[in-house]
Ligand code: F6P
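Quick setup: one chain, the form predicted alone, written in structure tokens, and binding and motion questions come after.
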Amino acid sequence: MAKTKRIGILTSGGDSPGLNAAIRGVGKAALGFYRMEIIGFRDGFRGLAENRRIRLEKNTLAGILTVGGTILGTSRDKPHRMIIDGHPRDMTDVIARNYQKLGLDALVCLGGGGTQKNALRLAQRGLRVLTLPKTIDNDVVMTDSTFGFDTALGIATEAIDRLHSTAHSHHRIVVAEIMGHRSGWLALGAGIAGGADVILIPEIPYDVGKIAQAIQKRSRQGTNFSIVAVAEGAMSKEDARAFLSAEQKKEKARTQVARHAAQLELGALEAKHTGNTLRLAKQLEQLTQLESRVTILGYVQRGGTPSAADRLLATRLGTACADLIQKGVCGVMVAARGEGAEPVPLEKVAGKRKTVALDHPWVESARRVGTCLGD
């Protein structure tokens, strides 16, 4: 008789709508279709390092399809740099030993860009790892989409819809800050869908003067309000040049001292960028003489019930993951491709980010309908 396969599963990084749907997809296919055993680890890689686990059964998976967050809990802990008793420790060997002691045939990691890198490190250590792409930012490479993005897109779009009435009633500029540090998919998509007049994303550094001109043009044409959708990582052309210079210094650094100095410079720029949306709103108010208000959507974008599209995507990728484990495939991310799924080697995913191309159809569509992109 063939040995029953035993798989582990964890969720890592920020929470995201669709995580429970994906856990359910992997779990129900593994348990019911392939007769595998499945163990869930609490709070990401930390739970695997500390051997905090729960056996996932049919009743554990019941009713979680529509629930936001993750029943397993999550954390941003990295296997190679985990804070233990106040000090960073490399827990990779401990994780590998726990994996072996539990007799796992595979480990499934649900997460975004950081999780892909951490999963690759474990794969290189000899663990049989598979990942599923999760993030509201939609910035994981080699997959059509990530689960969590569609839900967050709907939430951000609805927020912009609701802000229109206030902006119109009070003749104001309303600036809505949307999540997205290094990629603008969420701000761009929600801005287009919500009819924002200005959309600012990290990929297109902006000129505040040109934004003010676009708003003033609307005023001259009789429209005395504007909606500005801005990704939290969007920055002015001046700030973008400063960041690029610091990053180039870090890349070219040949000594530890030089790398440290470049990192400090980047850290100072990051600190300076904090609160940038508030400063932008103040600048626009001064330049246009229109009252401005800021709405920061924040974590509301990551919470709540996943959309139908995210439930479908998470279930599709979760069941495909179980299929791949049954076939003995590992060292891959289960990517969405068309209406199906495709395994992509982790080496092609880890350390990379999917950003908005300057000629992307969404960008072109925004320009065609007269949206100002700040450039």
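Heads up: residue numbers just count along the shown sequence, starting at 1. All figures in this text were calculated on a predicted structure; none of them were measured in a lab.
Below, we turn to the form predicted together with 6-O-phosphono-beta-D-fructofuranose, even though it does not appear here.
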query	finding
Listed range touching 6-O-phosphono-beta-D-fructofuranose, judged in the predicted bound form by heavy atoms within 4.5 Å, from 93-101, 194-202, 132-140, 156-164	132-140
4.5 Å heavy atom contact, residue 181 and 6-O-phosphono-beta-D-fructofuranose in the predicted bound form	yes
Interface membership of residue 259, 6-O-phosphono-beta-D-fructofuranose in the predicted bound form, 4.5 Å heavy atom rule	no
Any non-hydrogen atom of residue 218 within 4.5 angstroms of 6-O-phosphono-beta-D-fructofuranose in the predicted bound form	no
6-O-phosphono-beta-D-fructofuranose contact in the predicted bound form: residue 76, any heavy atom under 4.5 Å	yes
Residues within 4.5 Å of 6-O-phosphono-beta-D-fructofuranose in the predicted bound form, restricted to 226-259 and counted by heavy atom	232
